[in-house]
Ligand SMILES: C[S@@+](CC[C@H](N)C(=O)[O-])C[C@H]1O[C@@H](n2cnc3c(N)ncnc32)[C@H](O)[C@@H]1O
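The chain below stands alone and is given in structure tokens; this is the form predicted alone.
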Amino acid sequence: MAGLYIHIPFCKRKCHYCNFYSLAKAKFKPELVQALVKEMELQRNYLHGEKLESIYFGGGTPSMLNEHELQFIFEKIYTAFNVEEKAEITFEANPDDLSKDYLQMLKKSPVNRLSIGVQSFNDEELVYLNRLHSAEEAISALKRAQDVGFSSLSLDLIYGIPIATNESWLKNLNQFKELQVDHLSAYNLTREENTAYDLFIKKGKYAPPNDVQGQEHFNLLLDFTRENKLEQYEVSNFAFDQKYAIHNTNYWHRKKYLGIGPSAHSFDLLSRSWNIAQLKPYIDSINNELVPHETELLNKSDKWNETIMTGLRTKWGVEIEYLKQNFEADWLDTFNQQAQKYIQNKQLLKSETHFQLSKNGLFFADGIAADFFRVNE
């Protein structure tokens, strides 16, 4: 089983914090849609006929696609690839795009899961992030989605916003609870280079993220989700009743996926590749029947590092037997030695079968994982 990712790089305007490849305009949208369909044809053998168990429209803002464009893309997906009958098909959307008519159109399409970029239910925080919608619009959009029949919904929230307080963060979480949505993705605000947020910090207009505040909000998040029986199955992802995001879970389990569109990434177990993050050159290259990409063959160190990084981020952890079967014995010995300090300070847990991060370690997942990385071996 494999996944398909489709990148739609258009936005009405850029959020201050966003470093994903996107453009605050929809110029060349018809040309891009044609190129996406053509790239699928060029890449149809990348997955060697494996069935698709997940399809994910990300961006940018996929909800800037109209009915004709979405239908055109789906027609190619179903002719170029072998799609599992019950495949998870996720569509990212902004609340301000989700009118009743647009939601009804999506419901008629193969889309069966919505991921809605709320980010906050606080109007002041939304302005700070440069979001277009208001808190009221976000609530209304989620309720409309439920009314038209979308039962599989996820919403995104951001914590660690400098102007936020513990109280405003808890209000966001309680609003999520009131809406009875089955999946939550919660991300710590980070400073990414070459974003508007980064520029504002350099100019002294905005405060940089505060690690202490971020950890406080994260701990409040963990307390809230446990009290409300939301399972944390990945550092930033929580679900009721095991309603995990299949597409993203397969990333963490290192399954194959194909990325279509400018800046999209692909993985075939042996290598990773990524398309250029430039719209017009991407379109021109695809029209010349060339996928404009770079590829990196993964050596054993790369595979080790990815196994540790993705495993420690999830509830499943890193399987000791997998490390024994796939890597040198002395690598696991070194890992065990390095792990002791994290075990002693209660950030890492070791059972007979797995290494897993504790509540105290989850906030530092990436830094802890990086401590176990190996280089060019």
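Note that residue numbering begins at 1 and tracks the sequence as displayed. Since this is a predicted model, take the numbers as computed values, not measurements.
FYI, the form predicted together with the named molecule isn't displayed, but the following is about it.
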Report summary line: in the model of the complex, the residue from 188, 263, 273, 237 with a non-hydrogen atom within 4.5 Å of the named molecule is 188
Query - Residue (of 88, 125, 92, 302) lying close to the named molecule in the model of the complex, criterion heavy atoms within 4.5 Å - result: 92
Requested in this report: Indicate whether the named molecule has at least one heavy atom within 4.5 Å of a heavy atom of residue 284 in the model of the complex.
Outcome: no
Query raised in the report: Contact between residue 259 and the named molecule in the model of the complex at 4.5 Å, heavy atoms?
Result: no
Query raised in the report: Is residue 17 close enough to touch the named molecule in the model of the complex, meaning at least one heavy atom pair within 4.5 Å?
Result: yes
Query - Non-hydrogen atom contact residue 311 with the named molecule in the model of the complex at 4.5 angstroms - result: no
Query raised in the report: Among 152-160, 211-219, 173-181, 105-113, which stretch has residues whose heavy atoms lie within 4.5 Å of the named molecule in the model of the complex?
Result: 152-160
Requested in this report: Taking only heavy atoms into account, state which residues of 124-145 are within 4.5 Å of the named molecule in the model of the complex, ordered by sequence.
Outcome: 131
